[in-house]
Every structure is written in C-alpha cells, then in structure tokens.
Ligand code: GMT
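The chain below stands alone and is given as structure tokens, in the form predicted on its own.
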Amino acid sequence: MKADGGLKPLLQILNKPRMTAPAPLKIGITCYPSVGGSGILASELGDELAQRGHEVHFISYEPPFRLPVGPRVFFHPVVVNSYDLFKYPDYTLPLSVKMAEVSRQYALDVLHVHYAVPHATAAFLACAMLPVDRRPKVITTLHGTDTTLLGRDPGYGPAIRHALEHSDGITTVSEFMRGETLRLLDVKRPIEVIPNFFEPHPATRSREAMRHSLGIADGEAMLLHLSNLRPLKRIDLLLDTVAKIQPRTRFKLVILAGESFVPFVSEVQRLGLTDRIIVREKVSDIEDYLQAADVGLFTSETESFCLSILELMSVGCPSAAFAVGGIPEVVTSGEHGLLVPFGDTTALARSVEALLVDHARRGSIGQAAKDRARTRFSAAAIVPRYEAFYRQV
C-alpha cells in the first residue's frame, strides 16, 4: 500500500499535460511611414514583436521612418501608379491588394493597422478578397487625428465608423482618445486602451559631444522639441513661449522637425530668436539629442498621448507642456513634468524658467519621470498587452 501510495502521485505528475509556449504569430503591420507618433510606435512595436519570436511584415508605400532591421522582419512595398483616368492617385486599392497578397502568401494571423484612414478600410477590402478560412484578424489602432480631425469630416466619418465596426479588435493609446472616438464616431465596439511605449537605444555620442556639436555653450540649457510640425503642434505658440523665456542667454531650443521648418523661419526672425533656435530635420538617432537635453517643451493644441514627452521621460528629462488631450495621463503635473492650461504661453515660459533655475527640482522630477516611463510605458510593460490582445482576438 505504501508503495502504491508513493507511486500514484509520481504517475500523476508524469501524466500531467505539459504547458507549452504559445506559437509565434505572423503579423502584418501597416502605418504611415512619415515621421510621427503612429509610425514610430508601429516600427518600434514591430521590432519588439520580432525580438519576441513573431514574424512581422510591414506593408506600406515606403519603409517606415524607423523600420527595424533584423531577422523575422520583412517589408513589402505598395506601388501606387498614376493614371490619367484619375485626378488623384489612389492608395487604398493598391494597399488592399498588397495586404491580401501578403496575407495569402505568408498566412498572416493578424493585420495590425495603425491609423484608420485608409488602412482599416484597406484591410477590410483585403480580407474580402481572401477565402474565409485564410482571412487574418484585423486590429485597428487609433492614434489621434483619424478620430479628432477626420472623424468630424462628413466625407470621412462614416467610412471610419464602418471600418471600425468591421475590425476584429480596436485599440487606442489613451483614455482621452477612447472617449473622443466614442463621442465623435459613436462606435459600438469595445475599444482597448493600450498606451504608447518607448525603449531608448544607447546614444552614439556623449552628452557633452552632442551639445558641443550643436553649439550649446557651457552654462546654456538645452530645450528640446520633437514633432512633425503639423498645425495641431502649434509651432506659433512654441515660438511665442520661447520668446518669453528670460533671460534669453540662458538657453537654446533644439527642434527635431519631421518636416521642413522653412514656413516658420520668418516668425523666428520677427521674434528675434534666430540665435536661440537650432533645427535638425528628420533625425533618426534621437537618443543622442534626448540625453543631451535639460527640458522638453511642447505646445500642442491636442495630443492623443504625446510620444515625444515619453521619449524624454525615458532618459530622465522633464517637459513643460499644455495640459491637453492624453498628456495628463502620461504626466502628473509637478511630479513628472509641468503642465499649464492650453494657450497660456506666459505660464508655460515661467514653468520652463522654474525648471532651469532649480536644478534639484529638475533632477527629482526627471528621475520620477524616468521611473514612471520604465514602470508604466516601457516595452516590457506594453508589448505583452498587444500580444495578449492579438491572441484574445
């Protein structure tokens, strides 16, 4: 009896089904390849997914701005032809054909489209071209203006709503964006909030070397602004804020511009800021600039999240910004940065001055921002949520 009693538990252990790791997924990713938060997140997400063993296929008209390079990452270009028949070249149909082609050839499990227009619609068409048992699940991630701007447009709103209703899963990057999507588009489907993340790569130049190359003298602070310069970024308010920071000899503002800065040069000259502003366009090695900065400065009219603030947080650099959109979900004012009401450029300038003068406070806020970025918005915290959502869908 004792022998049987000892053998039975052992047999139960040996016969117990073994837990196996879920099989890697084959994921198609479509995004706008231009400089912007949605494209950057899509590229970084693809990189992280590939590192975790998944097969990732980017589908777009050109390689994304930060397209990862490595095993299990593929890029499939969409060719857009210009025909005299069309007044405007069409992207949606060629994109949908390429999505269907890649889905069929590589047996994709998921099509993850970033930005509803036109990517969600193209994914819906692509699936309609495939046999039912070969259709990937469609995940649509909303990043901002596809809801807050185009969602208001009667020429786009109904199409966006239709594409979302036919997506297998919907995510967005903040509670603010979720609320705006429900309010403006009256979507009946559940919307999962999965915040942006950022995982900084090692800088290639030291802080001192970077600042020296920019012409920032000892004793000068480096303010940093990163954006695609679109109208909602309110570069006019950025320049107005900078013009109010005193004394002007205390700092220089470095602008990493996703598009040409030429339209703003005359305003820089009018405000007498020519010697205070340094512009670099379409920079990819942003970590060199992030770790050289003292304070971030942002003046957007609205933001779904503001990835640029998170990028600075990740290296311990606090930001001053308007408290709009999803920014208060990223930054608690006074703890991880300083926020003021939208449009109050005087208050924003005073906030920057306070951070520049009080080195101890700037350091403590920067450290708290870095800790928050690591615990709440790192790849380790966010990417598994996307993996779980893919499998749930």
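Counting begins at 1, following the sequence as shown. Computed from a prediction, not measured in an experiment: that's the story for all the values here.
FYI, the form predicted together with the ligand isn't displayed, but the following is about it.
Figure note: of the listed segments 288 to 296, 235 to 243, 138 to 146, 214 to 222, the one touching the ligand in the predicted complex, with heavy atoms no more than 4.5 Å away, is 138 to 146.
Leu312 falls outside the set of residues with a heavy atom inside 4.5 Å of the ligand in the predicted complex. Using a 4.5 angstroms threshold between heavy atoms, Gly37 counts as touching the ligand in the predicted complex. In the predicted complex, Phe322 stays away from the ligand, with no heavy atom inside 4.5 Å. When contacts are judged by a 4.5 Å heavy atom cut-off, His162 does not count as touching the ligand in the predicted complex. The contact residue chosen from Phe75, Phe264, Tyr115, Phe251 relative to the ligand in the predicted complex is Tyr115, the criterion being a non-hydrogen atom within 4.5 angstroms.
A heavy atom within 4.5 Å of the ligand in the predicted complex is found for exactly one of Ala122, Leu108, Ile170, Leu307: Leu307.
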